[in-house]
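The chain below stands alone and is given as structure tokens, in the form predicted alone.
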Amino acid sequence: MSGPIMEITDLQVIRNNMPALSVAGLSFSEGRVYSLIGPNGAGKSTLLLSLMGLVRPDRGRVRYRGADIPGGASAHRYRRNLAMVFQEPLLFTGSVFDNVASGLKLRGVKREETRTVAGQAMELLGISHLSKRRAGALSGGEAQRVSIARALAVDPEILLMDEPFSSLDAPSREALIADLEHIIRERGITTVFATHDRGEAMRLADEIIVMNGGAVVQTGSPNEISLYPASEFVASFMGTETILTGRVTGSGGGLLVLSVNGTVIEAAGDAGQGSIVTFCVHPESILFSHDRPGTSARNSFNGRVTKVVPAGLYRKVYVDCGITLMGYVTARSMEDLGIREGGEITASFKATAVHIIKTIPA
């Protein structure tokens, strides 16, 4: 395909005389998976509803395969190419089969074909055994699987999902994400899903779209967004807590010497003497040991562990060494290194691990 399957130009949605959404431009390529990520109120749901044609923008354009999405009766035909899954399953009264088959029936698909296609969708989501169960008797995870099966049954070109896993318990969420990932990759469905969970975004998306205050603040691959945030907001939202500001006291050979409250840090980069630099260090780039590392880690500091916070399979370890550094440690490494609150530890990171967010010239 030569162009994007869907694109946005200068899109604005006004609510209560204030812009709820203001997006200069976005494009979505066929077969790729996109995650809209940001805090509550960032504009993620409004953007999805605009793509679906359920919210009419006050300004700008949404184009599908090169043509503006239509209004009026024609919008109904456009929406048949898309399917949307909401945070709440929003199931109809009736059986699981009735719900999965509902979109096919609305499209006038013949009864036998409806039975076959709905059956295939239920099998994909592992809910065939629930076919005759009433919607009101389902668990949260089962109900969301029915909602997704209903969306997939109509064979959409584009699948839109708004926080589809947020109300599920951890085991149900993990199982559903694994199944859905397999389905959308195998079918090549262009998928746009909103979440505030960066773990979901990192796992599923080819491209992450970070939103805040109704605007897109950065787009890029999961690696780019995580390691090279464009702002302090993006760095913080993606889990990087070591965000510091220092003054350039020396430079040369592609290295900067930064003074942060008297602590000297070396960083790869270029800035003039006396410039003020805001930078971050990703938590996975910070290593802990009881001995100073080799020369490849140009930044090495002895410090005291001030806090240890569980974070899924990892622990977030905070070390005060004149500045506060936060890094991830596995439970096994916690034991091997004897890391405990109040204990001494060495924290180190390479100069290339420093990502410069902003520079204010002297």
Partner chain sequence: MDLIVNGIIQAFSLIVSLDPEVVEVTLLSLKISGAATLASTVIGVGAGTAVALLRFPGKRFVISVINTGMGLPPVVVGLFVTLFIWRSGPLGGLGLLYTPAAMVLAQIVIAAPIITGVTLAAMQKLPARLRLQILALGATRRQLVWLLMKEARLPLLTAVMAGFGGVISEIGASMMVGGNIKGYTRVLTTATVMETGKGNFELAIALGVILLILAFTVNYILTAVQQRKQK
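Residue numbers count along the first chain shown, from 1. Predicted, not measured: the structure shown is a model, and the values here were computed from it.
One more form of this protein exists, namely the form predicted in complex with its partner chain; it is left out here, but the text below deals with it.
Participant: Would you point out which of 236 to 244, 102 to 110, 174 to 182, 115 to 123 contains residues with a non-hydrogen atom within 4.5 Å of its partner chain in the predicted complex?
Facilitator: Stretch with heavy atoms near the partner: 102 to 110.
Participant: Is there any non-hydrogen atom of Asn261 lying within 4.5 Å of its partner chain in the predicted complex?
Facilitator: Close contact is absent here: in the predicted complex, Asn261 is far from its partner chain, nothing within 4.5 Å, heavy atoms only.
Participant: Going by a heavy atom distance of 4.5 Å, is Arg150 a contact of its partner chain in the predicted complex?
Facilitator: Arg150: yes, in contact with its partner chain in the predicted complex.
Participant: Heavy atoms within 4.5 Å of its partner chain in the predicted complex: does Pro89 have any?
Facilitator: Answer yes; at least one heavy atom of Pro89 falls within 4.5 Å of its partner chain in the predicted complex.
Participant: Whether Ala331 contacts its partner chain in the predicted complex should be assessed with a 4.5 Å heavy atom distance threshold; does it?
Facilitator: Ala331 lies outside the contact set for its partner chain.
Participant: Kindly confirm or deny that Leu227, Arg304 and Arg340 each have some heavy atom within 4.5 angstroms of its partner chain in the predicted complex.
Facilitator: Result no, not one residue of the spot touches its partner chain.
Participant: Select from the listed residues His129, His290, Arg187, His76 the one whose heavy atoms reach within 4.5 Å of its partner chain in the predicted complex.
Facilitator: The residue from His129, His290, Arg187, His76 that makes the contact is His76.
Participant: Counting non-hydrogen atoms within 4.5 angstroms of its partner chain in the predicted complex, say which of Ile286, Val217, Leu168, Met84 makes the cut.
Facilitator: Contact with its partner chain in the predicted complex is made by Met84 alone.
Participant: In the predicted complex, which residues of 51 to 71 put a heavy atom within 4.5 Å of its partner chain?
Facilitator: Contacts from 51 to 71: Met52, Leu54.
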